[in-house]
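First, one chain by itself: the form predicted alone, in structure tokens.
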Amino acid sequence: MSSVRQALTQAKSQLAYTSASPDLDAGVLLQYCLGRNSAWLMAHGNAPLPAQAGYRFRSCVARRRAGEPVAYIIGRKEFWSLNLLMSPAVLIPRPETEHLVEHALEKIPPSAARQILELGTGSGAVALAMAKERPRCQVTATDISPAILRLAAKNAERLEARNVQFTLSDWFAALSGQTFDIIVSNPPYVADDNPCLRETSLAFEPVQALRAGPEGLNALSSIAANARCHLRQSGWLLVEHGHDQQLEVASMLKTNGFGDIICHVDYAGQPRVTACRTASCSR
């Protein structure tokens, strides 16, 4: 029977050529299989690995070697210090998307009561992060899939985020007449023929949450064209986009009547989140 340390060492070796973080992945998977935390693993390296946990661990490592993301294997993902339920139906939230939350929160004083809209919520990561940080605000989160909204609602229930309402909607389609102080979105923004879609790391993620037309701008264009009439006077729109889409996004926002356009960079210094503001919509 292998010890905990031996199982970890073997798993790290097996993942070395298929994972960018074999040590981290092996540790997280073993914690999941044992129901223990990292401190326990460090303190009990010589403990024998139970047979059932060992079998489960080897199965998880094999899935990871095949390219399946850890978040889908364990059904969890940390985002903005929130522990979120995951499923292959939703895009795994990236660290870069925390910039979208960060810059949106800058527009809302901590004690303010605002109406917030998130378009395309997926797991609910962005909506729930904002709801927890701004408990006096009311957050509306939309998605086109009932199954995805059920997962997001489970996350809200687990996190006791009672100031979030989930709405089935294709972007703004079900929001006629509703206006908000701030709109945020991390929409699909990958071009249909982008080689990255053939990478193993993305092969397990839902293509509808990634692809957005020949130039990757279809969703962003739709949001830019329709957001203005759903924003209150001087309301803010913030969108995440590809690192090479900054100029196109700024141009479409300006064309649709937005001003105060500014692009924020991500952890790698790449253009990632564009914020803009509008005056009242003339109807």
Ligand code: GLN
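If you're wondering where the values come from, they're calculated on a predicted model, not measured in any experiment. So that there is no doubt, residue numbering starts at 1 and follows the sequence shown.
Form predicted together with glutamine (GLN): not shown, discussed below.
> Within 4.5 Å, heavy atoms only, which of Leu91, Ile73, Ala161, Ile108 is in contact with glutamine (GLN) in the predicted complex?
When glutamine (GLN) is considered in the predicted complex, the option within 4.5 Å is Leu91.
> Of the residues Ala153, Leu175, Leu82, Leu202, which one places a heavy atom within 4.5 Å of glutamine (GLN) in the predicted complex?
Flagged contact: Leu202.
> Counting only non-hydrogen atoms and a 4.5 angstroms cut-off, does Glu98 reach glutamine (GLN) in the predicted complex?
No.
> With a 4.5 Å heavy atom cut-off, would you call Leu149 a contact of glutamine (GLN) in the predicted complex?
Although glutamine (GLN) is absent here, Leu149 would stay clear of it in the predicted complex, with no heavy atoms inside 4.5 Å.
> Considering non-hydrogen atoms and a 4.5 Å limit, does glutamine (GLN) approach Val190 in the predicted complex?
Val190 belongs to the contact set for glutamine (GLN).
> Classify Asn186 as contacting or not contacting glutamine (GLN) in the predicted complex by the rule of any non-hydrogen atom within 4.5 angstroms, answering yes or no.
Heavy-atom contact with glutamine (GLN) at 4.5 Å: present for Asn186.
> Out of the stretches listed (129-137, 82-90, 205-213, 165-173), which one is close to glutamine (GLN) in the predicted complex, meaning heavy atoms within 4.5 Å?
Comparing against glutamine (GLN) in the predicted complex, the contact stretch is 205-213.
> Is any part of 156-174 within 4.5 angstroms of glutamine (GLN) in the predicted complex by a non-hydrogen atom, and which residues would that be?
Result: empty, none.
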